[in-house]
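You are given structure tokens for the same protein chain in two forms, set apart as structure 1 and structure 2.
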Structure 1
Amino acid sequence: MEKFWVIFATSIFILLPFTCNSFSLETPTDRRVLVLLDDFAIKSSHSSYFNSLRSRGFDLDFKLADDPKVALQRYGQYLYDALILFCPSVERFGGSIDVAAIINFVDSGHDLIIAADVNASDLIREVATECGVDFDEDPSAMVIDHTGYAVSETEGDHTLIVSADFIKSDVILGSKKITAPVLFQGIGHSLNPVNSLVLKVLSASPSAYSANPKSKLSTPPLLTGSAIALVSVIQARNNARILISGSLSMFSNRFFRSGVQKSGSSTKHEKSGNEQFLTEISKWVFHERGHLKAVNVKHHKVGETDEPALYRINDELVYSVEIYEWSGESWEPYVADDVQVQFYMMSPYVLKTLSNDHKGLYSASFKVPDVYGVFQFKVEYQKLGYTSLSLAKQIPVRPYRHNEYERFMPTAYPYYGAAFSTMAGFFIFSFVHLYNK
């Protein structure tokens, strides 16, 4: 009996972290994060970034990328809510992890951060390609900028560049402006034009290009100017989020604490914008910002509160829904003026913008069209940086019954008049014809 209680207590302690920190719809922020490293030295050289995640309540599990025991799921259940790949040189993942397993992980709604580098392996490049970005095909290429490089004690090859070309989105990068530019040293990538879900968050300057810094250019580089993406994000259709960076060094303590001065500029910043930039973007990737939920979807006739089983043509109705945004700690009312509802059957018969009360409640009233059939209330909301909302509720619409029509319709008065005037004319004609000599 004593042995049974020991086994029971041990199993509780093993399962407790997974039950306490699990991802849920009520608290959508990722909590359990698997970090795969090339070397455990990265754990200390990038400790500032990891400590930032820990301070926000994330449980980080560090493992070597080629660890034979590493796994994303067990018995059909995922063990982690998010995955960080800080292993650019890994040739093969350990355990049951491979490219397909990572893509399935994202397809299941989980989030991913990839940091590549100049020594990025074909494996990391393949994962990035599956996500919609293509790193420079030249394995020795780096982003070079002879105009926008960072001033340093050694002139160098101008691969340590400075960029402040951020995406203009408060949802992704936060409302506080990033005043200092970001230091970057690594490889550039391009966005797959077929994939409309990929966004450039940090771009290179127009004078930058991607090439091997140790050899002379024999042919024009394939990646040049602002077309070079340094950091990109993807929000999949299932609202999973991905961050792809061409530089592992930009996450390091050295880049976080380093001062920065752009060549040709007299302004010197005591601290680079790397820490603020990567901290803010990680809040978006891990759903601490820009995550929406819709609750209490209702519809009813004007003057009533109960939801009917069907509507009649030309009924006046009210549609309402509550929308909230996750702030990282609690659900706050989401305020916007571009949420629309469709009354849809094959095509939208009614398209109405919902008004809001600044407390999360959106509503609109309209008349049911003079067409009967099976309709849907549809809300398809997609906005840059926010999770998409797709709401649909089916409702039939019937015509008037035979006893619901008006006895005398004003629009039919001309026809009534025509009928009675014809009768009166016939009576007068008959009277005149019979009695007139």
Structure 2
Amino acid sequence: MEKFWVIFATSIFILLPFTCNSFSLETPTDRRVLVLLDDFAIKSSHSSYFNSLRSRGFDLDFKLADDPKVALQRYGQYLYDALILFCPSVERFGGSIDVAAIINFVDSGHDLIIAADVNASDLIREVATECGVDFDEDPSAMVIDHTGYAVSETEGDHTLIVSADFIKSDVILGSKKITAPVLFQGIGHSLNPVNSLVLKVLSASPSAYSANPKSKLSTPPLLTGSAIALVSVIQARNNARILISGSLSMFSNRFFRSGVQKSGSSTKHEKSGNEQFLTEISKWVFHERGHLKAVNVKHHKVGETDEPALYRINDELVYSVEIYEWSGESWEPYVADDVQVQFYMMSPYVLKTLSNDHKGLYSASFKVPDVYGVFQFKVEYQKLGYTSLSLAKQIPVRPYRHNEYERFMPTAYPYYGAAFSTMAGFFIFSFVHLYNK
């Protein structure tokens, strides 16, 4: 008996890390991260970034991109929760990884960080295109900005640029304002404006353009101005998050530490905004922020507590749902005043804003419309930076039963009167007719 307990306890201790650390709905933050590199020098040259990840509890696994033993999954189970591709020049991944494998990795709900660079390989470009980001097709093009470049000792070709054009979202970039601009050196990309899933987090200044800095500009550049995205994020429909950056060097220790001064500006920042910007955005990508969950969807008639199988038209009902946000360690109540519920049958018949009690419980009370059919309680909550909530719960609404109508209506009294007076009249008539001789 004792032996059994020992085995049981040890097996729990062995299995515990696996059960706890894997990505799950309960703890959405990633734990195990695979980092694919072009060569191991990046590991040391970008160590600040990796250390910040490690210090937040991530388990980084460094591999060379063309390592033949590298694999994302084994026996149908994914080995990692997230993937960082710091390998812009790789032509072929080693092992079983290819574009389809990476896309499947994302489609099964895992996160991805891609850093491209000048002369990024077709492989990396293809992965980016699958995610909705189009890098400049010219392989040697870089983002050049002759007015917004970073001041440095040597007058370069103005490819090291400065940008402070961030997306305005506290969820993605954290509540603390990024004061220093970000240094960037790499390639730009464009986004399809109809693509609603991809967001431009850092865009170039209006004077920037994308071209080969070494050759003369013969034709007007295809990508110009603030249409150039430098860093973009994508939240897929299954809430997998992707970060795509056109520069690998912006993650490097050198960029993290160096001071920054924008050309034509007198203010010189001691430290560039790269570290804050990239750390905050990695928190978002790895679901430490902006991840919502909705639980305990309930509805019942006013004055009752049990959930009925169907409602009758004109019933009064209460709908409630609890919404929480993941803070990195625990689920905190989510507070917002723009969550709405629809009572929906082909179109919303009722659209009501839910009121919350600041403890995560959202509720609304409304009257079922005077229409029967199969309705749905729908909550479609899509807010910038947050994972999308889309709840639908089917509920039929029936008409009145035959004995639920009003029995004696005042408007019908003339008819009752007519019926009864006719009956009385007929009785009297028959009586007179039969006995009057």
Partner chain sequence: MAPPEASSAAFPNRYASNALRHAFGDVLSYFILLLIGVLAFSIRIFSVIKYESVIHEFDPYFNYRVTKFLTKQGIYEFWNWFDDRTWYPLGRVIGGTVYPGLTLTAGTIWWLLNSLNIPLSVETVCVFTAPIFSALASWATYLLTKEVKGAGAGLTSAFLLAMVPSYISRSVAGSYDNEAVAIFALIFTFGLYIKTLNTGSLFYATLNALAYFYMVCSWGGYTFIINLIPMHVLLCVVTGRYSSRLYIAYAPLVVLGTLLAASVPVVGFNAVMTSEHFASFLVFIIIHVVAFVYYIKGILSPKMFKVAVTLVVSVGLAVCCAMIAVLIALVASSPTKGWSGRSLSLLDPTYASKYIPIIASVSEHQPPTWPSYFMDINVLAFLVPAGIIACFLPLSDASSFAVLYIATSAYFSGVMVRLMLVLAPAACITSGIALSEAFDVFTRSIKFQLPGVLSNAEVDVGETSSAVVEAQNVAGKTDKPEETSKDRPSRKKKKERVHEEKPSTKAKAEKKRLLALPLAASVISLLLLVFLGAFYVRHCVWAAAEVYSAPSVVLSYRSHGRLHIFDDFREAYAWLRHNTDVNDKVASWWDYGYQTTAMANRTVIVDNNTWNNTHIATVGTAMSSPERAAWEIFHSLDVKYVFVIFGGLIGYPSDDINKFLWMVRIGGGLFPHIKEADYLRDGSYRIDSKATPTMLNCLMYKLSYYRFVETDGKAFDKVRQTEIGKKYFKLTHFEEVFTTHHWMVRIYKLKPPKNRIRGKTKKSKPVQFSLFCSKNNSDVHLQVDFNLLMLWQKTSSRNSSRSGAQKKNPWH
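Predicted model, so just to flag it, every value in this text is computed and none were measured. Each residue is numbered by where it sits in the sequence of structure 1, with counting from 1. Here, rigid core means the biggest group of C-alpha atoms that superpose within 1.5 Å across both forms.
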{"query": "Identity of the form predicted in complex with its partner chain, given as 1 or 2", "finding": "2"}
{"query": "Rotation (degrees) of the smaller of two rigid parts between the two structures, from C-alpha fits", "finding": "29"}
{"query": "Per-residue CA shift, Val194 (Å; core superposed between the two structures)", "finding": "4.2"}
{"query": "C-alpha positional change at Ser421 between the two structures - rigid core reference, Å", "finding": "10.9"}
